[in-house]
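Encoded as structure tokens, the following chain is the form predicted on its own, with no partner shown.
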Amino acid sequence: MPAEVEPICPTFMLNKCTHCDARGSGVCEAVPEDGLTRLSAAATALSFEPAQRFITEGDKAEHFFVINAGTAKLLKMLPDGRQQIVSFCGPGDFLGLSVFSLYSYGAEAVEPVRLCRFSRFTLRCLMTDFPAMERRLLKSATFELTLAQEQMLLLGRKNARERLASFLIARARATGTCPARGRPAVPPQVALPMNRTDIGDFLGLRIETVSRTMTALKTDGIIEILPRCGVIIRDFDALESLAACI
């Protein structure tokens, strides 16, 4: 079961929101400073350990979630029990959007995760009081559609090297270790809290193929594999060319 953190007092919660890792991104970014106490009061703070699920596919979609810290994976289950990871999410990401009354995907912690949970009714009230939140949600939904289209290309047309290169470039940009556009000034170090099985599920590859391709990129001098959950991109241009299928 998740560990639930109850608000202690408005001053404490205001300070907590102000220093939250997700404050400068996602829907929380749209709330002005004088609205943080209201935002805090509307949220239930939860924490999850690795492999704990906080959204179950097919359950009634009653809540929305904003990740404050850690990494989670979104997944779809196939009738035969296999799973397809459709996305990895981090601080600032907003989860739970659904055009139906049921969740269309599941969500599970990859590493220790802290998040805020909002009821659908509460979030609607917040969007009424803070219209910028609704605009930010629309932007988030548009971005998710773009990612879904890129994922279709990745799974449908790219080979193993191109898929892994695309994944590493996307992780580097998403986690802020290199700019959203252009080349980084220094070789970016990319954290990979997910295991290679999860990477394979996301990329549509067997774990053996993921390991073999990582080793090949290392041998070619494109990446350096770190002892603990990550890589350093040594040749960013080469990796980006692979990702772009050049």
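These figures come from a predicted structure and were not determined experimentally. Numbers follow the displayed sequence, beginning with 1.
As for the form predicted together with a further copy of the same chain, it is not shown, yet the points below apply to it.
- Taking R53, A61 and R117 as a possible spot, do all three reach a further copy of the same chain in the predicted bound form with a heavy atom inside 4.5 Å? No, none of R53, A61 and R117 comes within 4.5 Å of a further copy of the same chain in the predicted bound form.
- Item | Which of 187-195, 35-43, 217-225, 204-212 sits within 4.5 Å of a further copy of the same chain in the predicted bound form, heavy atom basis | Flagged stretch: 204-212.
- Item | Close approach of G200 to a further copy of the same chain in the predicted bound form, 4.5 Å, heavy atom | Looking in the predicted bound form, residue contacts with a further copy of the same chain include G200, since a heavy atom lies within 4.5 Å.
- Heavy atom of R173 within 4.5 Å of a further copy of the same chain in the predicted bound form: No, R173 is distant from the partner.
- Message: Since only the chain is shown here, I'm wondering whether F100 would be in contact with a further copy of the same chain in the predicted bound form (any heavy atom pair within 4.5 Å).
- Response: Residue-level check for F100: yes, a contact with a further copy of the same chain.
- Going by a heavy atom distance of 4.5 Å, is Y105 a contact of a further copy of the same chain in the predicted bound form? Contact check for Y105: yes, within 4.5 Å of a further copy of the same chain in the predicted bound form.
- Across 116-134, which residues bring a heavy atom to within 4.5 Å of a further copy of the same chain in the predicted bound form? Residues within 4.5 Å: R124, M127, T128, E134.
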